[in-house]
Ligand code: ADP
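Take a look at this single chain in structure tokens; it is the form predicted alone.
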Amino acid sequence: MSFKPISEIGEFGLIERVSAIAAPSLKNAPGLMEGIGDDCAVYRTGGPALQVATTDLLVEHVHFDLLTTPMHHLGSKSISVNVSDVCAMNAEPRYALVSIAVPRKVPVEMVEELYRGMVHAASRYGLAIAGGDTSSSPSGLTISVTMIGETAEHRLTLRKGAMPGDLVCVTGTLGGSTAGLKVLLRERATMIEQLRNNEPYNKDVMAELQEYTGAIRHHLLPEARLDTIRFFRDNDIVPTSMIDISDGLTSDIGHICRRSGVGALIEEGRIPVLPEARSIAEEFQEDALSWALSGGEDYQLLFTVPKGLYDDIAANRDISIIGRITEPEEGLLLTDIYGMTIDLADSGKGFDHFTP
């Protein structure tokens, strides 16, 4: 019997196969409105609000490295990335269940600091850490967070729903997380080299990174855009579709287009790239736009609204209108600053856990 390695189909190919296997179980959940395929599952409980649920893993040596990631920051990030998924449904977070698998030799104080970071983030977002589980781990720290949120039914926003003519919008700036990661990986390599050469560790290394503080913060301490969800609520705005940018702009606008059955035209000159990311990219002799398009982990909100809401959206200085939704046959395109058109479907995808 021949076996197919996951790397041949990638993360999203694997999700498609798992979804097909799980599909028969959906008949056991009559209250389920949305299952696999969006940022959260959506279900009814009989009350006036809809419930949304999501779960995320953070795995040592995959999502983080303890050489460059303080435990307090890691705890905060583990909560924020789940709140970001809840926000992508136009919902607000309520409860979190946290499970960890940790090596036996890890100091208790490190685990306590991890949870202090979680509680700090939970307080900022107004949610409760209501339970979880613990286990030993033979190969590093793993954190799993499940989060429950809620929204009014008329405010629920899915990845599907975008229509030709809609404006494509994004919050904040992009590329900052990748820029911060590049700097941290460089410093990690320096630390490892010092250890191999039995050189004393330079305790002032973080002080030397002051000029990179903004980008490093974008990577280690992302903030879910709950403020944007409240802006929508206060201004009676309901996006036609929405997703959070975890895999990169190209990949995530692609998810919206596939689920909505539409195309999109993005304008390079309108993409809000973090200025600090541009200077770091120049230092690394790389392209900050590529980091914005495919770097991932920015955790900004990418959404669409009818063009009649242009004035309402443009009034928010932390939201950029970067393009428009088109007919499906037009595909997913980017116009660069020189007026050239680039097919984003051929330009490379965002982060994929199983693709080398």
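Residue positions are given as counts along the sequence shown, with the first one as 1. Every value quoted in this text rests on a predicted model; they were computed, and no experiment measured them.
There is another form of this protein, the form predicted in complex with this ligand, and it is not shown here; the text below is about that form.
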One stretch from 119-127, 170-178, 229-237, 242-250 that, in the predicted bound form, holds residues within 4.5 Å of this ligand by heavy atom
242-250
Indicate whether residue 37 is a 4.5 Å heavy atom neighbour of this ligand in the predicted bound form.
yes
Quick one: does residue 77 come within 4.5 Å of this ligand in the predicted bound form, counting heavy atoms only?
no
Residue 23: heavy atom within 4.5 Å of this ligand in the predicted bound form?
no
Would residue 15 sit within 4.5 Å of this ligand in the predicted bound form, counting heavy atoms only?
yes
Does the trio 73, 113 and 223 actually contact this ligand in the predicted bound form, every residue with a heavy atom within 4.5 Å?
no
From first to last in sequence, which residues of 44-74 have any non-hydrogen atom within 4.5 angstroms of this ligand in the predicted bound form?
56
